[in-house]
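Below sits a lone chain in structure tokens, taken as the form predicted on its own.
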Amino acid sequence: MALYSRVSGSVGMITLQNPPVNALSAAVRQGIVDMMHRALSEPEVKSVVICGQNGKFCGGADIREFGAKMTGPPLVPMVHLIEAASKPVVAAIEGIALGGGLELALSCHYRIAHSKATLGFPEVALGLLPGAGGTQRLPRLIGVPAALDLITTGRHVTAAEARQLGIVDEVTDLNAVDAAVKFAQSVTGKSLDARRISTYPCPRPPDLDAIFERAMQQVRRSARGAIAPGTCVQAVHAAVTLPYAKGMERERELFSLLFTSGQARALQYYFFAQRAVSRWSTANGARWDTSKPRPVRKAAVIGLGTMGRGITVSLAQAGFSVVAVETQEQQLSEAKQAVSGMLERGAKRRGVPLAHDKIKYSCSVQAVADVDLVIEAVFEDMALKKTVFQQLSAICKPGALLCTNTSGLDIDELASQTQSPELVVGMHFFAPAHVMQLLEVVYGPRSSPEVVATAMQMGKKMGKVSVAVGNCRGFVGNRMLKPYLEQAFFLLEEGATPEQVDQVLEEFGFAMGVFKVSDLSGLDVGWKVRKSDGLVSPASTGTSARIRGGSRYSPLGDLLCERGRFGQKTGRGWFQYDKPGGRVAKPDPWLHGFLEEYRAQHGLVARRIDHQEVLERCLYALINEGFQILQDGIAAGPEDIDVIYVLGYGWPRHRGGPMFYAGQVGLDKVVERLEHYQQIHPDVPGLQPCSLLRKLAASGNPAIHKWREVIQKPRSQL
């Protein structure tokens, strides 16, 4: 709704009321229309101020209405009513003016913003474009290049940048509503002819065609198959080439095209999925709303390698006091320098003070005796981690949380080394830890709900999206990665090349294909894991060389590592690079020859593998494992898996996540294709459709939000 009042005698105040962000719901839109008519009809009112309740102007459209029949006044006639008003209308922008909220502000004749306000058009992140004149008014106000930048990226701008661009008229450090009221009084009676943005001619720089061509090239590179950014460019182009009314028609056509697209549904699903994962539950019944987190003021990080350094920076930037421990003096010295550099760059980028004073370094584990929480980030070796947890259990104060950053080792085995296993959880960060948004919080059957809640809240304070998952080999993300990688290796054995597989996956929307990612991470990382699992054996020929435990196995990665080809770090891996540490992947003729020799040695005949087979075998094997994870109770719902894969593994956001994508393809289709490939490759168990997947497919392909009704109460397989 919207509240109406009169202030200073002659100013009509319209206050949006729809917590938490005053979204433009049907009731709010109706309130704005009714209150505008009232303000315009009252002779005593000479000007109008529109503001939002509780220090927030407006967060835009109410996304919850997108899936239902729209009611109430449409947004476009509402903003036209405001712009056409005969009395000055001033927007008092506090907190946020995003999406439809910014379009509302642009329909006002003047805009006053608080210095801490944030403005932007984030619709592109939901697979949409600004649909209430944003693509037509903004380029008229600030020019085409700046408008294209904001609309196609969805980036938010500060009030200071908005003032510099010309979006707002004034910025104040004081109360923005009070400033807007004074401003409204000062413009009473002035002509509004020059204040209606829709009447402005759109600037036409001489290199206009080149500007739009560059914009389209940029969105093609960055969008990776998402259609909304390119459609935004088309809408802005209409602002330049068509009269305002015709441009609005074109904007409406393009908005409708996007609104009904599968990509918009996927992006909006993902928007809600990110919020759903914070409402976590565990297999043993613990829930976020009944588990109170413990206070954490001082934290420690053990091990200052790449991950430990990133975790230290994340904690310090979040305001925690940090004890950073590295027992090797040389490593400690290098870590201090690296962490200092990361903090400086982060402070400069975010415009905040340095957090150097938050960190104390030590080469003694004894330094963690008084902390509230410890995150172990030593080398991924179970014996070493066990030793660390034995030490921590003896040193830390009673009640201190003991967390491990392991990417897949058994949390319960580590907990068993302590006197209080209920205080142990996994906090699996993703590299680089101070940049990546994802945090897997891994609980075991003995983990206290309080401890899980504390780790989840810690992640939130560090700016992470925390997802609670059960304990198993690889947890959720890396467990699903295994069959995906296996299929990629098998495709090479059968006739594909690394560049072919990567091209298919990148065209699907991944930022990098599986083999480029492997080169970036280092082939030796997986090799060490396979060696510890007893999978790497002396070279041999024939079928036996490619079987482990009765299942198909590809030793290709092992063979490359034996030749010192570890990826980017050595300048050679699945691709070749100009030098060690190089970043530009190029096809490697040596590797092609190596694959031919390998196939001949093992009696394999290369065949032509098409695009669809690459996509189906890699993605459906991964998806199948996701259903097994749901069946095992490791993840509480499909949203958890989808958020993990979008944020941690580069799954294209506009495809919603692997579980959502499976629903869009059709679960029966996924089952049918898995069965097809399993018949061809009976020695690959990962291609056998999971019973939960079969059950859901047999239930008529229910919508993803109804899967939980079909899934019986999860049971832990731990």
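Position 1 is the first residue in the sequence shown; the rest follow in order. Here, rigid core means the biggest group of C-alpha atoms that superpose within 1.5 Å across both forms. Source: prediction; values computed, not measured.
The discussion below concerns the form predicted together with a small molecule, not included here.
- By the criterion of a heavy atom within 4.5 Å, residue 103 is counted among the residues contacting the small molecule in the predicted complex.
- For the chain shown alone, residue 598 is not a contact residue for the small molecule in the predicted complex, no non-hydrogen atom being within 4.5 angstroms.
- Contact check for residue 20: a heavy atom falls within 4.5 Å of the small molecule in the predicted complex.
- The small molecule in the predicted complex is approached by residue 272, whose closest heavy atom lies within 4.5 angstroms of it.
- 99 is the sole member of 247, 303, 573, 99 with a non-hydrogen atom within 4.5 Å of the small molecule in the predicted complex.
- Contact annotation: of the candidates 509, 526, 143, 122, the single residue with a non-hydrogen atom within 4.5 angstroms of the small molecule in the predicted complex is 122.
- For the candidate spot formed by 438, 473 and 477, no residue has a non-hydrogen atom within 4.5 angstroms of the small molecule in the predicted complex.
- Considering the small molecule in the predicted complex, the lone stretch of 52-60, 669-677, 33-41, 648-656 in range is 52-60 [heavy atom distance within 4.5 Å].
- Relative to the superposed rigid core, the position of the CA of residue 20 differs between this form and the one not shown by 2 Å or more.
- In a rigid-core overlay of the protein, residue 555 has its C-alpha displaced by under 2 Å between this form and the one not shown.
- Shown in the overlay between this form and the one not shown, fitted on the rigid core, is a CA shift at residue 123 smaller than 2 Å.
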